[in-house]
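Next comes just one chain, in structure tokens: the form predicted alone.
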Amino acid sequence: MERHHNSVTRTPLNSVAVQRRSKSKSYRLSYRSGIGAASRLAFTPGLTGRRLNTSRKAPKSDKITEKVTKEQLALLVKTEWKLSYVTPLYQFRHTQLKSYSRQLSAFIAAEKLQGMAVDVEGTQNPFRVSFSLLQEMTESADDAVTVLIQIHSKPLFARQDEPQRPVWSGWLTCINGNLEYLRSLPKDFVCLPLFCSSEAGGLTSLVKSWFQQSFDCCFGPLEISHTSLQWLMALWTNCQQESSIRQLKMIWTLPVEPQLQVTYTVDAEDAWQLWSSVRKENTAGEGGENSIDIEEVMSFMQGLKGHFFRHFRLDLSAGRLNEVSTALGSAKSSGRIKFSNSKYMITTLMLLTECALLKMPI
């Protein structure tokens, strides 16, 4: 059985402790045969040699409500998303979304109905797919516009006049992607490296399969690393003065027998005071943007772990950080994210886009 520790305590202020593509069919098949195979995108030294950035802009409130509709925003912030990375899409066109909607609808119906013929234009198709754009949801002029996908269907024993309901949602995005990499892509490729999907009855695998067949791309799981989780903790805590994070909650797993799971909760004001004590003066220069560096993040973590050790004599450094959450959102190492507040979504998506680009096998 798992044992649990819960701590809601005050944290003292001094607790600081290239040629890229072959269009031949044989090459496409060899590319799909395994992630370890040589990519037809070849290798991009500017990307594959990089690690997670050691410095990033401090979060600032973003008026995302001006960029997406209320319905789209409600979907984005109420769903827990499963993260994947996806390699660049070949000959994907933002102007062909209606055609993609029909194609994916027919593909899903055919797979679900075991290859039976489906009338794409008629009423026989039990699935309706819609592609739409989240206009201006970008940070860089090189970022491709975010694409939202929704699948509607009727329940198995629904009445004939009952309308179809949303059963699956997903979106592909690129927020402040690495400019060196994006500008190195041939014009036939569109880079939307971060894929977020809701889980529902195998539809995610069907959508991925259709994309792979249609745009010669590759998907893979995107876990959120220990370092990325710490970055999210710091970035979200930095928002406390503008939007209360209510509390900072962490879930750790310690390698003991039986396995020990620790839930560590810190009051929002205590987390803010500790974070303020490790923040360096802004060195961006006049007119520059405030930034956060990795040393500040590490000092923040050391302060939290040191405080916990003094109270419970447990060294969290020996464990694994599995989950972090605040009123702004939650993230799990397994690759799940939930946005609870739209104000700082862009900041979080910038980090996740970076993670997706670094995970791609190219």
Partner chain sequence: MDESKKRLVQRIIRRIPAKMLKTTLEKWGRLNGEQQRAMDSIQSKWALTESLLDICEENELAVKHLAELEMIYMINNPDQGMWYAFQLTDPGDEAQSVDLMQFREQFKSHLKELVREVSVKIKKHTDEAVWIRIAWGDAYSRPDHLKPTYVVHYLQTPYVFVTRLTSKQKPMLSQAMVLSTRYQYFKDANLSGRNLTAIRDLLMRKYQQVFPTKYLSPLTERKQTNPHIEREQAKPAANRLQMACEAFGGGTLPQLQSAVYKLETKFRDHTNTLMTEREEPFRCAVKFSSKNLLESLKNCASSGIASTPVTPLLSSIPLKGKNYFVITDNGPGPSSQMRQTQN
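This one's a predicted model, so the numbers in the text were calculated from it and none came from an experiment. Positions refer to the first chain, counted from 1.
The protein also exists as the form predicted in complex with its partner chain; that form is not presented, and the subsequent description refers to it.
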property: Options 235 to 243, 98 to 106, 267 to 275, 69 to 77; stretch whose heavy atom lies within 4.5 Å of its partner chain in the predicted bound form; result: 267 to 275
property: Residue (of V145, L185, A110, L254) lying close to its partner chain in the predicted bound form, criterion heavy atoms within 4.5 Å; result: L254
property: Answer option from C217, V262, C191, I292, heavy atom within 4.5 Å of its partner chain in the predicted bound form; result: V262
property: Partner proximity in the predicted bound form: G329 to its partner chain, non-hydrogen atom cutoff 4.5 Å; result: no
property: Non-hydrogen atom contact M298 with its partner chain in the predicted bound form at 4.5 angstroms; result: no
property: R320: touches its partner chain in the predicted bound form, heavy atom cutoff 4.5 angstroms; result: no
property: Contact flag, R56 vs its partner chain in the predicted bound form, heavy atom cut 4.5 Å; result: no
property: Residues in 217 to 237 close to its partner chain in the predicted bound form, defined by a heavy atom within 4.5 Å, in order; result: none
